[in-house]
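Single chain ahead, by itself, as structure tokens, in the form predicted alone.
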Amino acid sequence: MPIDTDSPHRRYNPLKDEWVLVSPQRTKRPWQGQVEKLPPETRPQYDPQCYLCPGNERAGGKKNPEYDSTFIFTNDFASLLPDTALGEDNTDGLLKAQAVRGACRVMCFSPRHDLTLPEMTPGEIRGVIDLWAAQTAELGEEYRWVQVFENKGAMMGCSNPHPHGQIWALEALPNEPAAEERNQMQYYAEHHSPLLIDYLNAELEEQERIVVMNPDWVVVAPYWAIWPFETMLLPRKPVQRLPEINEAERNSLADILKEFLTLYDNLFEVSFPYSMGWHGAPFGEQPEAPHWQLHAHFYPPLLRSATVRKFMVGYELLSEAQRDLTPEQAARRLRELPRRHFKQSQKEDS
């Protein structure tokens, strides 16, 4: 018998083989309470105290070049090192450990201190995409996993507001992509088609959770989303890794990133915080991985306003993730927002 999705229910995430509790009865109506706004940001185009701005000295003592587009450098305080001595402890016991080698790089999206991705032009965003792809290809020649990610906003632990992300690479396959590898491989063995291609086709048929789309890319609020306004960005055609997308697809990726990240900012008229990252097929001995489909996860914490966030505590930490706002409600709210960035509208109205 079909379940009543207006009542408490659990949704299955086939990518991770886990469940999320959905409690839609708690927010059946759209939010009618106070929407708190933060004071407007007034960051300069260049900050002489910022360790990521062009020409400035970084915390580790090295000086940035006078870069005029994207800029990447090895993290001065890297979490992974390329020359770690290899070894393992207690391989058959309970207190098991293994050494790991890797690399950590910081990537500045723009020389402008005051711009985030949705405020950049599609051409500037295309430069970011090209560097994401080039770094993934380069590091993939040496490491099994390459993680491109961005922590945006102080709420997500970002220590510097200058627009930037990071790229970490390591020999091992971390927990999250390892789960996706295992479950996509199992699905492909059973159905002879990629899990995320079939999932995207189902979403395109239903249209309930689609946020934005263009001829090459789709942004969806996943059926199994955990965070209130969580989204996943997927290519329409089969793609295994970021470096594989062609010129036209990179341009349309820049367009859709600008469009839907603008929707994020417009939701509460704030530079919307999130953690995002690309997941593609691991590198290694088997270059072909037909079970994999490239995708990017966006995990934003905000729930009610620019200051009210979702906390993963209590039941979420001890049992399983839980959400009140359904993915269908979240997608609809994002989809109905203006496409013009709120800062641009404010300038034109002033």
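Residue positions are given as counts along the sequence shown, with the first one as 1. Not measured: the values here are computed from a predicted model.
The following text describes the form predicted together with a small molecule, which does not appear among the structures shown.
Within this chain, R241 is remote from the site of the small molecule in the predicted bound form, having no heavy atom within 4.5 Å.
Contact between N175 and the small molecule in the predicted bound form is not found at the 4.5 Å heavy atom cutoff. Proximity of G284 to the small molecule in the predicted bound form: non-hydrogen atoms within 4.5 Å are absent; the residue sits far from the partner. R144 falls outside the set of residues with a heavy atom inside 4.5 Å of the small molecule in the predicted bound form.
Contact here is defined as any heavy atom lying within 4.5 Å of the small molecule in the predicted bound form, and by that definition each of A59, N151 and S159 is a contact residue. Only one segment in the set 276 to 284, 214 to 222, 108 to 116, 70 to 78 has residues whose heavy atoms sit within 4.5 Å of the small molecule in the predicted bound form; it is 70 to 78.
Just one of N266, N183, Q166, N251 comes within 4.5 Å of the small molecule in the predicted bound form, counting any heavy atom, and that one is Q166.
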